[in-house]
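First comes one chain, alone, set out as structure tokens in the form predicted on its own.
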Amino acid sequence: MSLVITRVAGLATIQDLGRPGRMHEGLPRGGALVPALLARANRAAGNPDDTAAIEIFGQLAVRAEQDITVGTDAGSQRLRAGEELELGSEPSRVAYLAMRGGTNTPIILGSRSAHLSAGLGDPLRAGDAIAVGDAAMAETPILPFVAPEMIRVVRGPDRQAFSRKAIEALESGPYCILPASDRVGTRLSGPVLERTAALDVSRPMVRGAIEIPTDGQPIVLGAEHPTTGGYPVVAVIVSDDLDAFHAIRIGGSVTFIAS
């Protein structure tokens, strides 16, 4: 059984929970940009949470080659042979389409995830056929996904590179999610954060780090973030709020609050 991609408007890739433990090799974990939404789609399809699925930025249309059960954030659906399904990422930034059994796509370095910035895997194109995998079925309740009104951050580590006014500006917001955002980083537009000192060292980076380049506009590192960076980091998003932040649609707004 398989799904055939009939149309892609934007970016669609295969994603699971990524490749942990390879930062020392220059490869961040990667994987789903919003793991909580991946888990919801997998639970709807009857899969374990970490099963590989299709991650969608924009619009995707697929056709079932045979009868197949699929899951999305909205629930499960049975597609009959020849039936088509269209799915868009709105009102979130990304959406996930899971097939019962997962995807029978290549495993590279322990994951099926495409990591385009590292040259692992490829974006999905019209005409691609995604074969169904053999992941064991899992009957797990679908948990609600509720985004907080504000995204919590921990200040630092580079407080010395910013004035107090810059820290206050970050938390005054709101910031707009720019179209130039991708899986590497989310670019924001809002109050300018003035740097008082340059960072003269390169240090390891993490998902959710808020870097401030010379223009003073924040960049929040995402799933395919560089393993090291030289821009000063004004704050880091609290781990429990990362999914909520990365689910905010392009053009949406975000307000930060110190944890």
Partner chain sequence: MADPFTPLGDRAIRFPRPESSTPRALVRALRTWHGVIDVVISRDDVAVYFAETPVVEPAQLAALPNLPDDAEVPRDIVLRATYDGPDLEEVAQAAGVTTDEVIAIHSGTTYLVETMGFAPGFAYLTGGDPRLALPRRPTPRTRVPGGSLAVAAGYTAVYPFDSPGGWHLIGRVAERMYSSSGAFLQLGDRVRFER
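Residue numbers count along the first chain shown, from 1. Here the structure is a predicted model, which means the values were calculated and not measured.
Another form exists, predicted together with the partner chain; not displayed. Remarks below refer to it.
Contact check for 58, 189 and 221: none of the three has a heavy atom within 4.5 Å of the partner chain in the model of the complex. Note that among 130-138, 104-112, 76-84, 171-179, the stretch whose heavy atoms approach the partner chain to within 4.5 Å in the model of the complex is 104-112.
Heavy atoms of residue 196 never reach within 4.5 Å of the partner chain in the model of the complex, leaving it off the interface. The partner chain is not shown here, and in the model of the complex it never comes within 4.5 Å of any heavy atom of residue 48. When contacts are judged by a 4.5 Å heavy atom cut-off, residue 10 does not count as touching the partner chain in the model of the complex. Taking non-hydrogen atoms only, residue 161 never approaches the partner chain to within 4.5 angstroms in the model of the complex. Of the residues given (166, 120, 150, 124), 120 alone sits with a heavy atom within 4.5 Å of the partner chain in the model of the complex. Along 141-157, these residues reach a heavy atom to within 4.5 Å of the partner chain in the model of the complex: 154, 157.
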